[in-house]
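One chain follows as structure tokens, the form predicted alone.
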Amino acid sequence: MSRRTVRVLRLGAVPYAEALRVQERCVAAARAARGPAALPGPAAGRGGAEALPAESVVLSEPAQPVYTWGLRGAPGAAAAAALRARGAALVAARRGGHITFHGPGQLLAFPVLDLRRRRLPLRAYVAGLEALVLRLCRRLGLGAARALPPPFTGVWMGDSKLCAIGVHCGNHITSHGLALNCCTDLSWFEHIVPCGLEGKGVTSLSHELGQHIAVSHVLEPFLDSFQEVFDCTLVSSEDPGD
């Protein structure tokens, strides 16, 4: 069986809202690919435009600090005002999980995958996200990184979270995904209870490896790990799904 093709959209440093906008276009494209219009027509292979892969992964680095929350953990009015006063935006996101921080020095990866076609349960998909980050950590020489058993998610160094995971799945198509701290200013996390976990810390690749690890440094090993875990071939794309 041939490997699935997944297109990669590298947005670079962009506002969080822009990454969400591109993600939603990818979700719409994945849904449209299930319909009759997505089936190969008579012109296929005879000079017609080649269809884009139905699945995508959107990669970005938040250009400004932003606090987001999912189905739980929205800040109260006073807490929200205090966070805004520190210069951060606040965004409610359609994902699982409590409040967390996104900002410069962090890799955001939003895979848009069709779990029904992959015959992949949601919990197995989340485990796959953890597995790919663990592979990345091993490639970077961080062999002590680990995933914790449910109900915890993400990738950890001891009691400190290195990578947060929060996903949404609608009609078996995924969105949102993971946030990996590369060289993130971790002081932004001091103003919240990250992911709603009391007594847990937050860390970064730069802190754990003792050297500056930029987002650009991890992109290629991240994509190598993505291909291995989700058994796919990645192709670069400049088209966000317009």
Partner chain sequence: MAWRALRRVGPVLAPRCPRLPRLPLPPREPAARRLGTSSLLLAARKFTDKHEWISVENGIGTVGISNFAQEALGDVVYCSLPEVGTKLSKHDEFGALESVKAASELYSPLSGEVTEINAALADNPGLVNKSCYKDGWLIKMTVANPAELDELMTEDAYEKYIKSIED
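Positions refer to the first chain, counted from 1. Everything quoted here is computed from the prediction, not taken from an experiment.
Heads up, the form predicted together with its partner chain isn't pictured, but that's what we're talking about next.
Peer 1: If contact means any heavy atom within 4.5 Å, which of 81 to 89, 67 to 75, 103 to 111, 135 to 143 contacts its partner chain in the predicted complex?
Peer 2: Looking at the partner contacts, the answer comes out as 67 to 75.
Peer 1: In the predicted complex, does V155 have a heavy atom within 4.5 Å of its partner chain?
Peer 2: Taking the distances in the predicted complex, the answer for V155 is no, it never comes within 4.5 Å of its partner chain.
Peer 1: Taking its partner chain as it sits in the predicted complex, is G96 in contact with it (heavy atom to heavy atom, 4.5 Å or less)?
Peer 2: Residue-level check for G96: yes, a contact with its partner chain.
Peer 1: How about H217: is it within 4.5 Å of its partner chain in the predicted complex, going by heavy atoms?
Peer 2: Contact with its partner chain, no.
Peer 1: Would you check, heavy atoms only and a 4.5 Å threshold, whether A131 touches its partner chain in the predicted complex?
Peer 2: No, A131 sits far enough from its partner chain in the predicted complex that none of its heavy atoms falls within 4.5 Å.
Peer 1: Even though the chain is shown alone, can you say which residues of 155 to 173 have a heavy atom within 4.5 Å of its partner chain in the predicted complex?
Peer 2: Those in contact are K161, I165, G166, V167, H168, C169, G170, N171, H172.
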